[in-house]
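In structure tokens, one chain follows: the form predicted alone.
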């Protein structure tokens, strides 16, 4: 073979690649730059879901199928670049779940960790491991891995509106590890054995039981974080503390037993952008999903000469994929909830963040 003849060399290489393909092998040098790119790369796209656009379809779903029939009546928020894969980023799942007065979403459990962030309505509850918590807009609720849980709406049809919440799960992550599975309960609802609020009283007063038992393993022993308390903290920070030039007043939810993230695979945050806020640009390797709690604003995103600007208002949702430069703005002020896969990045030592000038 003449190594100086490009045509001959190309023919020989093609024949070689075809030969090794029959042994389920491929040459690294043909794919190396794609496997180890010069900067973080993702196929995910930024996207915005306006609640005014999607709510009518949620309500229509409520007319077409019951919560019991569906097991979970959810419209998945699929990343536009990952259609058919049931994910909003390559590691995270997000969807909007609807429950109507008088309904029960039956008891089951699964290895995936889940969060619920209440978007609209009152009168619903989530039960986890024998304890119920009622759900109000802005509340953050955890379903730890492999815990029995069900949802219900105890309100009267005439008096109470539908309840909608954002579901966030690590489904794609567990699918990658081939570790995702579930089990249905034998009863429609689990038996309530604990007083409501017991977990918060036991673990959420900046104290822990003397003989702490970690009821949910690495997941927070508190499974309900009310918005009322979070909102008060954010507005006090806005009034009395220095405002971060990139994030505004931003707090992360914690596992009170460890100080780490409330779930081993997902971090959760709440932030307040004061009126007139013009954030500096930043980028991070963990893709993040946002739910607008109150107020309005905009986010500008850029990546490889592409530019997106989303105007958002209450109950809208948007995703900032990995390593997309983002800038947050708000003329009237707003509050944003978000979740990401940051704990996994941190555990692996691969998390990177740039806070740009």
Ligand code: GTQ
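Residue numbers count along the first chain shown, from 1. None of these values were measured; they are calculated from a predicted model.
Note that the form predicted in complex with 2,5-dihydroxybenzoic acid (GTQ) isn't included here; everything after this is about it.
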| query | Looking in the model of the complex, is 2,5-dihydroxybenzoic acid (GTQ) within 4.5 Å of a heavy atom from each of 72, 110 and 116? | reply | yes
| note | Answer key, 2,5-dihydroxybenzoic acid (GTQ) contact in the model of the complex at 4.5 Å (heavy atoms) among 128, 124, 266, 171: the residue is 171
| remark: Partner-free chain; cross-checking 2,5-dihydroxybenzoic acid (GTQ) in the model of the complex, the single residue of 190, 230, 145, 97 with a heavy atom within 4.5 Å is 97
| remark: Assert contact_stretch over 280 to 288, 145 to 153, 206 to 214, 235 to 243 against 2,5-dihydroxybenzoic acid (GTQ) in the model of the complex, heavy atom within 4.5 Å, equals 145 to 153
| Any of the heavy atoms of residue 78 lying within 4.5 Å of 2,5-dihydroxybenzoic acid (GTQ) in the model of the complex? | no
| field | 2,5-dihydroxybenzoic acid (GTQ) contact at residue 120 in the model of the complex, heavy atom, 4.5 Å | value | no
| query | Could you tell me if residue 93 has a non-hydrogen atom within 4.5 Å of 2,5-dihydroxybenzoic acid (GTQ) in the model of the complex? | reply | yes
| request: Considering only heavy atoms, tell me if residue 167 and 2,5-dihydroxybenzoic acid (GTQ) come within 4.5 Å of each other in the model of the complex. | output: yes
